[in-house]
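Quick setup: one chain, the form predicted alone, written in structure tokens, and binding and motion questions come after.
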């Protein structure tokens, strides 16, 4: 099929609500390493990695080789039977996780991982009410959309009660009109009044991303989680750290994003980059939290031998390449270039993030959100062969998150394309 026929079939038979990028949708045909090719044979440098999922690059030979080997051995069993890949992966993950996380529950996605964590917290604490953050994103189930505080993704009109949303640690657009550090972390300290005034006074959990992904790579101050989590635990809740986007070396120096803030979570949820694109989600919990799950449960596809083998191979490569250190080095190079662009182009209001998870917020002359500038940058970067992401409540943030095996040359090329794109936007 040619591009036009593929697009026609998509538009006729796939839900129209399924979002695609660009004025004319991009039809991808194949990928290798840092690059993908569309149906017309055009090559692109991928600096979004399937929404931070293709962590090692497209079709990594170690990962695809292990998947093929497993596919020829045993493809599917369900969790009613034990397989070596699932058992080994659980051991590897709990050994790598921070703190006292000792148990793993496998699912297919980040949405399911978050659902599992919330239910675990409710059974462990005997409470139901939850605290999440504004600008957060937790997935596309009813519970996940209820946890999400981002109107573009809270669809359907019916949501689950008992979820309260605290102010995001969004320093560039502080909800209280304050500036860090003079603010004394008002956003974190306000959680106490939120619990006192909008809940029964005792909560099940606080769920938060170390860096808010869909929210536009919002990065909290260094002391934020220490203050916020102390309040949560004082009111009986546990801390669920949503590492779906930040996990597995993405933020640099550490394997999990929360390690930058020095706080040990009671649960971690992961997905996306864990298996380099194979469907995989996981909830990691302390022994005590996991033991509170009463009754039998299964996961039909969770811990699937093929996905588990992909995850094991991904971890092998990550460890051999020291991905946390590599992300820190390449992320520093990327950040230096983005900061230089911000000094040159007034449309860049803020640059933020960690490691290979960098956000660029675009604004107008009064620092109002400028989603139309993002749209123009998108078309320009595509024209010059670079794929990036976007996000933020106002859809005015560029999300730059390449596969973590990117090279210095890849980073420099991406920065050059971004420079050309900003130049075109400023001249328009």
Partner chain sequence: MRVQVTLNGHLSWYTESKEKEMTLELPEGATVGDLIEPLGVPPVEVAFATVEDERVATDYALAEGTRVSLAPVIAGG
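Just so it is clear, the model here is predicted, and its values are computed rather than measured. Positions refer to the first chain, counted from 1.
Heads up, the form predicted in complex with its partner chain isn't pictured, but that's what we're talking about next.
Annotated contacts: 35, 60 and 380 are all free of its partner chain in the predicted complex [non-hydrogen atom within 4.5 angstroms].
Comparing 355 to 363, 370 to 378, 35 to 43, 61 to 69 against its partner chain in the predicted complex, the single stretch with non-hydrogen atoms within 4.5 angstroms of it is 370 to 378. Under a 4.5 angstroms non-hydrogen atom cutoff, its partner chain in the predicted complex has residue 11 among its neighbouring residues. Although the partner is absent here, residue 293 sits far enough away that none of its heavy atoms falls within 4.5 Å of its partner chain in the predicted complex.
Interface membership of residue 28, defined by any non-hydrogen atom within 4.5 Å of its partner chain in the predicted complex, is ruled out. Using a 4.5 angstroms threshold between heavy atoms, residue 314 stays clear of its partner chain in the predicted complex. Residue 214 is the sole member of 203 to 220 found to place a heavy atom within 4.5 Å of its partner chain in the predicted complex.
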